[in-house]
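Okay, here we've got a single chain as structure tokens, the form predicted alone, with questions on binding and movement later.
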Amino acid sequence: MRDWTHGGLARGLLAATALIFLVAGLGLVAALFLGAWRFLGEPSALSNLFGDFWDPLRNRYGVLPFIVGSVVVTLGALVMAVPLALGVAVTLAEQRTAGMKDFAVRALTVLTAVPSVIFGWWGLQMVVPWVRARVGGPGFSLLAAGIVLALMVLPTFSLFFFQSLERVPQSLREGSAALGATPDQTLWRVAFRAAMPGLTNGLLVGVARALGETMAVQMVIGGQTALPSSLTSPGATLTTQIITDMTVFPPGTRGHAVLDIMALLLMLGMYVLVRLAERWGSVS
């Protein structure tokens, strides 16, 4: 009787906790939607919203430059970080020295916990001057933001990819070697195929973190609200523009409603990535 009571109490607490999180999440979405409706309910709201010009003083609230900035910076970070992360993961997975492997994993874990402002400060001191001197432009740019973001997500990608490769049964590798496959053939044709669900899941989780990053990107991207003409041009993302204007537009204003819409767009993007991770990350 006592065990049943304790079990029922535990299940009740867990159910209550889950309900609180569900209500809080739905409440957040509802609050953002109600705030956004002030703008969405106006005539020609969508044509104004998805325009390429942002100037609240002229009643222009085009968020296309920020969408483009988010996509370009995230893709740039992926192009730079994913190949390096795969190299790190393969090196660790093939490392036979347990002590060295444990040290590398702990170091990567520590790097994932470094505050984003530290990466932003490093980018401000090192990346921005390098881009200005070597590539051209003002230095504050989409390229600088992509480089800083790539360094930020590299440890996350590396850990996810390593854990996926580490979970591949050793019997598959031994069987491939017994059939005459070289180590490279075993890696590409056996290990990667077996680890593909985990690799895909890690990729999507890393993309979500990159897409939602704010502070480090804000410090090096330049804050330009027009469509960027090149990678060396200053720009802005959805997250950086929200943090820039959140104190400018008080609740109830049209500008604040547009910021609510931008937040909803980010939440929609995260939802899509989570669903893709659930679908592709579980395929065996």
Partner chain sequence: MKRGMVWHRVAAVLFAIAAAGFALILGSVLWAGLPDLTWHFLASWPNERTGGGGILPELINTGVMVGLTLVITAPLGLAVAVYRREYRMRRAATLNHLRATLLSAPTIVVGLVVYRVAVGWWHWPVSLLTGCLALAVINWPFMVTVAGEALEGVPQGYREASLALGASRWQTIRRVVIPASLAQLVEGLGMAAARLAGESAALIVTAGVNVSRHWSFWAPGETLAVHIWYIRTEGLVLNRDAAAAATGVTLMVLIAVVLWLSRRIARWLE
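Between two forms, the rigid core is defined as the largest C-alpha subset superposing within 1.5 Å. Note that the structure is predicted; figures quoted are calculated from it, not measured. Positions refer to the first chain, counted from 1.
Unshown form predicted together with its partner chain; subsequent notes refer to it.
J.: If we take heavy atoms and a 4.5 Å cut-off, which stretch out of 255-263, 43-51, 222-230, 65-73 is in contact with its partner chain in the predicted complex?
T.: Every other range fails; the passing one is 255-263.
J.: Might Pro234 be said to contact its partner chain in the predicted complex, defining contact as any heavy atom within 4.5 Å?
T.: Result no; Pro234 lies far from its partner chain in the predicted complex.
J.: Is there a non-hydrogen atom of Thr214 within 4.5 angstroms of a non-hydrogen atom of its partner chain in the predicted complex?
T.: Thr214: contacts its partner chain in the predicted complex.
J.: Under a 4.5 Å heavy atom criterion, is Trp188 part of the interface with its partner chain in the predicted complex?
T.: Flag for Trp188 set to yes.
J.: Should Glu166 be classed as touching its partner chain in the predicted complex when contacts are defined as heavy atoms within 4.5 Å?
T.: No.
J.: Would you give me the residues of 32-56 that have any heavy atom within 4.5 Å of its partner chain in the predicted complex, in order from first to last?
T.: Leu32, Leu34, Gly35 sit within 4.5 Å of the partner.
J.: Could you check, with the core superposed, whether the Cα atom of Ala24 shifts 2 Å or more between the shown form and the other one?
T.: Not so; Ala24 is displaced by less than 2 Å.
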